[in-house]
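Take a look at this single chain in structure tokens; it is the form predicted alone.
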Amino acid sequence: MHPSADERADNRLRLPRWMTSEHPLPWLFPCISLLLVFGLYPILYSLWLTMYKRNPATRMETFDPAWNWSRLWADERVWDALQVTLTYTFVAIILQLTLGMLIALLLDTDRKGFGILRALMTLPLVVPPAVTGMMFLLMYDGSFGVISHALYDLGIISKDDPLLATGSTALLAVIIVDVWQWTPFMVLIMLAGLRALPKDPFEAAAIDGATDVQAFFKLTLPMMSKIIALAVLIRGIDLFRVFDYVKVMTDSGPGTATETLTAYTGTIYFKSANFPFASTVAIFTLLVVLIVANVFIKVFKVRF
């Protein structure tokens, strides 16, 4: 026997107040709790670790809040890693943005077959970065790698200076892998932006005799500026924490030529087991990302 309308009303009245509330806070509480546990707690724990000095001989830790920060300041390897990270981020973002915009302009059409091309463009995104690194590691191999042999035949590099074993080419070789995998992400964002642009200004420009190049620089780029800035911000933050490609392909070598901040943090953590200093480098990386991202947001007036 189904309850009557009055009985259902009485049941609702007996429910806890938060379950019948229309305020969003009770319903957001599980999400906020997860963010606090998995987002804020690791940061606070890392900050707590930075306050301890680890003795490598006894493996004992003593409370000394300034020790790790003074060591970080004097560690030249940290500043070299910061330089590699900034170079990696800047070069990769320029290449991905340029290629992403050019490919998006080519694919921004409703011609038959271009829908399949747009779908195929997303395939690199589903490959795990570690697998991508292994794939290119084989193609870069100096003995049998197809890319290395093509570069030998073209006379671009010598067999005596393999790509990943030479300091001047190893970082660029790793950046190219990142560009191959993440340029489709830029293509998707640029394509969505191009599809959202109004048609009227372009029709008026065509009537006035503007060429495609003039329409691109005078109309497309200004109207896409906020989308471009947001895409650069998202990819820039992601590029700053690059680890997989470097670890799989070069292990930060040759020497420390491809060592980024996150790779150096991993080295300290896993090889030296100096958890307080590794946490200090990680917090330093977080501060650099926050400063650079906030300056970028202010300068380019990024709105979410």
Partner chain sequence: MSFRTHDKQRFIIDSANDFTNRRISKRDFLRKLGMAGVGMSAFAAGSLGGFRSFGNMAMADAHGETPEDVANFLREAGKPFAGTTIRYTSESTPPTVVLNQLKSEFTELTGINVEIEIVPLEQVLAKATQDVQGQLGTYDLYYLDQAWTATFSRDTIDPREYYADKPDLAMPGFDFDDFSEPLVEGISLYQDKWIGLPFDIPIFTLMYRKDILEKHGIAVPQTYEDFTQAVELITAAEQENGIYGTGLQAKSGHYSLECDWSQAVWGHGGSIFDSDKMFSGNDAAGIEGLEWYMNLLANAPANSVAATWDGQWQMGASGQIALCQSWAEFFPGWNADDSAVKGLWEMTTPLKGPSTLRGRDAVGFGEIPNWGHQGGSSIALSRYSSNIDAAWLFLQWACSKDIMTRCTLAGGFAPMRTSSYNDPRILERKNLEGSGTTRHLGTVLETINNYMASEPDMAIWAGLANNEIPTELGKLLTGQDYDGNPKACMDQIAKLVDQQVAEAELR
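Positions refer to the first chain, counted from 1. Source: prediction; values computed, not measured.
One more form of this protein should be noted, the form predicted together with its partner chain, which is absent from this view; the next part is about it.
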| Contact assignment for its partner chain in the predicted complex, among L138, A196, L106, L120, heavy atom within 4.5 Å | L138
| query | Taking heavy atoms only, is R54 within 4.5 angstroms of its partner chain in the predicted complex? | reply | yes
| So, in the predicted complex, is R77 in contact with its partner chain at a 4.5 angstroms heavy atom limit? | yes
| field | Partner contact for D251 in the predicted complex: its partner chain, 4.5 angstroms, heavy atom | value | yes
| Does T267 make contact with its partner chain in the predicted complex, using a 4.5 Å heavy atom cut-off? | yes
| said: Partner absent here, but in the predicted complex, which of 90-98, 161-169, 198-206, 175-183 has residues with a heavy atom within 4.5 Å of its partner chain? | reply: 161-169
